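Okay, here we've got a single chain as structure tokens, the form predicted alone, with questions on binding and movement later.
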Amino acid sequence: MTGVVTLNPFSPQAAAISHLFIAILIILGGIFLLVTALVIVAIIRYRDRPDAPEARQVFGSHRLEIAWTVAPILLLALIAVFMIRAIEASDPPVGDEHPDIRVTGHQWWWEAQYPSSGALVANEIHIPVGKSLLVEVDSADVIHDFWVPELARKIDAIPGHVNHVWIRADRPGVYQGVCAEFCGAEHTWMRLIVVAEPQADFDAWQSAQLTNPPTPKEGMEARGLQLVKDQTCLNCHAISGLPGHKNIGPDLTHIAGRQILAGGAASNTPENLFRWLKDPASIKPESHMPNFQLSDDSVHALVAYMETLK
């Protein structure tokens, strides 16, 4: 799947990487065909036969030595030109420009903050269509690798070392992203999505992220809110309007409005949310989400409350 989307870029930055890949593939394909042809010619022409003369040995051919020295140099120089052009097109300039988005990798989920507004999201990044955004990439624990193949190049997320990358989408849509650096047991389910939308829709989404969700006063939703407080959920997660601002786990303020759960291990539906809260290991076995051994009634109440967090 990744190979397919790499060849289907929707931004100038991703197109530069895709074109570099194709150019190198063509060069290597040409070398493969040349070597294969020479081997076939050698097998047929110089095969041993009863009447075949002894093969003539060639020693000290300056022409051959020059040819097999110059040809690789020229090929590497050509590849270097392609690489430099791709770097210039895909890498942000070095300077004091402030990032549009700060992305932090955690085991095993992604946190994204919008410095200009203060919006904070998990595993789902929204961007306006047709605009190049500067993304600052960092890690809270081990080395990760932020990669949305159709929109940007790979960039390492290294603890204590901030990197930057451009991200852009020239067409509205939902684009899949991954961690491309092995980072532990649940590396496979450290995924994210990037939602590219018109500027007006992005502005409306960003404004909605800054609002506090309603506080239920009665019913299952109110009971679920009380369970969130009683079960120490707020020791790891933050919900705007409630005490505590932890980011050990993803921010839950608008969890009901997101499309994926558990770093992409499941789609965000009430049924999957129930499974996740009831037994996290059934969806993501090595995650850091504990199993609180809750009753079905308690989990239903938590789901009812979290479905209000839009």
Partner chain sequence: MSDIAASDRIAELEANPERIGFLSWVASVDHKQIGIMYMLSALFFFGLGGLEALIIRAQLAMPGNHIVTPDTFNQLFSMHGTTMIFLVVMPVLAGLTAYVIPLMVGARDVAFPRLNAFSFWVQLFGGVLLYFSFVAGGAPNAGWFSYAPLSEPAYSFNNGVTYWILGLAGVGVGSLAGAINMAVTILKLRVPGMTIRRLPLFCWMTLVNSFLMIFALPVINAALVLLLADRLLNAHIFTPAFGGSAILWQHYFWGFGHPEVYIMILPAFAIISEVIPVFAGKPIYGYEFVAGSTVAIAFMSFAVWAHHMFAVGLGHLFDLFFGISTMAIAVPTGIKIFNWTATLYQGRLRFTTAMKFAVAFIVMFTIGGLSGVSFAVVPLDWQLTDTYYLVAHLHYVLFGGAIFAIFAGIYYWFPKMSGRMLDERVGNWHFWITFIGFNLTFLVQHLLGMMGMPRRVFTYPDWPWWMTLNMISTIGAFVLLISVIVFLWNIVSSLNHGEIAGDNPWDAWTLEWATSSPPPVENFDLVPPVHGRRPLWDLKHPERADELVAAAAGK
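Keep in mind it's a predicted model, so treat the numbers as computed, not measured. Numbering follows the first chain given and starts at 1. Take the two forms, superpose them, and find the largest set of C-alpha atoms that agree within 1.5 Å; that set is the rigid core.
Missing here is the form predicted in complex with its partner chain; even so, the following discussion is about that form.
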*Contact test in the predicted bound form: R153 vs its partner chain, heavy atoms, 4.5 Å*: yes
*Contact between L38 and its partner chain in the predicted bound form at 4.5 Å, heavy atoms?*
yes
_Contact test in the predicted bound form: D141 vs its partner chain, heavy atoms, 4.5 Å_ = yes
*For V178, is any heavy atom within 4.5 Å of its partner chain in the predicted bound form, or not?*
yes
*Please name which of the stretches 228-236, 213-221, 194-202, 159-167 has residues with heavy atoms lying within 4.5 Å of its partner chain in the predicted bound form.*
159-167
*Contacts with its partner chain in the predicted bound form - residues in 41-71 whose heavy atoms fall within 4.5 Å*: V41, A42, I43, Y46, R47, D48, R49, P50, A52, P53, E54, A55, R56, Q57, V58, F59, G60, S61, H62, L64, E65, I66, W68, T69
*asked:* Following rigid core alignment, is the displacement of the S61 C-alpha between this form and the one not shown equal to or greater than 2 angstroms?
replied: yes
*Fitting the rigid core first, would the Cα of Y46 be found 2 Å or more away between this form and the one not shown?*
yes
